[in-house]
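For reference, the chain that follows is the form predicted alone, supplied as structure tokens.
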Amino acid sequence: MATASETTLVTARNESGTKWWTRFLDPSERTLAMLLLLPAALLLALIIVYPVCRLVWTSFQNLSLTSGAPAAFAGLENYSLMLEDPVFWETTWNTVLITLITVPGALLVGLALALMANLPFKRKWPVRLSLLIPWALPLSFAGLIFAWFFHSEYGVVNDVLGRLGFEGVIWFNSANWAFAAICLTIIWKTSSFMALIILAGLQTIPRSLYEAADVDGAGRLRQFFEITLPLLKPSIVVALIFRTITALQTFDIPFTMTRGGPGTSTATLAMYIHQNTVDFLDLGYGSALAVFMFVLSMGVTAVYLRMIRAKG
């Protein structure tokens, strides 16, 4: 005969087991949300969190595949070398300068293209298709095309200058001209991306606001600054976040156009990371450089998000 306490214990266990299965088969909204998000969270941990943690760990090691020595913990040695490396500072400055020039440039060109594409054309698809072409081109392909455009002997740009009576420029022998050519190429390539995001924002603005402004006698310029631009701010901020992060990681276009030359005057931080990890096989120092780029990108994103919250 089971005692009363034993019977009570068995009953409690059965009830707890029943409750567990009941919660699993008929979960609450919070539990269901967690179950649905779990596969995505595991996938993100696998493809993002683990590689980043591995990168940070490698940055604290002396790991050079050319030395043949096993990896050894080096502490902050790689970061100390980075701060004393003049090429690091030069490539970082080049990267920041490219970002400061091309992001506002692409925004202004993209805004103009989006406003043009939003005009009431009879057939809108050819205009919008033209926005997709630069965006769809691979970055390295765009770099090769514009390297030919700016070629000093048979490039299109020098040919046009000659026909207009100006002297041709040896674009890639001068650091300033080479940098200008790279920035123009990046603006052409990325302005279509900005235009597509801004165009999507333009589609959400109610037409009734413009009709009411017309009734009040507001001109086109006033409508732009008091209706269009304020309502486009969320789309513009999103475009700026994505464009700034990719600008800080600029690699393909300078690499295909100048290989960082003359010297290292047009080399970017991403190119310097590639040189150390792929060419020199110095994975420890290259990882430290990559960690710096990652922190810089996250810092810029945090600033943008803080600006959104402050304005909200």
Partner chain sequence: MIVNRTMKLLLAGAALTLTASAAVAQTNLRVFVSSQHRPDVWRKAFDMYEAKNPNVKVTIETGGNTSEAQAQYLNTVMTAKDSSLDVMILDVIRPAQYAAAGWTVPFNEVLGGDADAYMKRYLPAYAEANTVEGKVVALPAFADAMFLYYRKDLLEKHGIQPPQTWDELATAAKKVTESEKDTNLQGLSFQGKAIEGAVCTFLLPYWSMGKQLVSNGKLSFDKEAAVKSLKLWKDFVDQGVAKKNIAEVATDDTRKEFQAGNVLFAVNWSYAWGQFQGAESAVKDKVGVVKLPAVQGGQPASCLGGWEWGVSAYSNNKTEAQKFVQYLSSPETSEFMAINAALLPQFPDVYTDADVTKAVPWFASARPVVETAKARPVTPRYNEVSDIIRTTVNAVLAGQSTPEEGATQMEGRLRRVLR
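Given the structure is predicted, the values throughout are model-derived calculations rather than measurements. Residue numbers count along the first chain shown, from 1.
This next part talks about the form predicted in complex with its partner chain, which is not shown.
For the marked spot (V87, I170 and A175), a heavy atom within 4.5 Å of its partner chain in the predicted bound form is present in each of the three residues. Contact annotation: E153 falls within 4.5 Å of its partner chain in the predicted bound form, judged by heavy atom distances. Although the partner is absent here, T66 is a contact residue: one of its heavy atoms lies within 4.5 angstroms of its partner chain in the predicted bound form.
Among residues of the shown chain, R243 is not one whose heavy atoms approach its partner chain to within 4.5 Å in the predicted bound form. Interface residue remark: D252 is not counted as part of the site for its partner chain in the predicted bound form, having no heavy atom within 4.5 Å.
Just one listed stretch, out of 232 to 240, 145 to 153, 195 to 203, 212 to 220, contacts its partner chain in the predicted bound form at the 4.5 Å heavy atom level, and that stretch is 145 to 153.
Contacts between 252 to 291 and its partner chain, taken as any heavy atom within 4.5 Å in the predicted bound form, involve G261, P262, G263, T264, S265, H274, Q275, V278, D279, F280, L281, D282.
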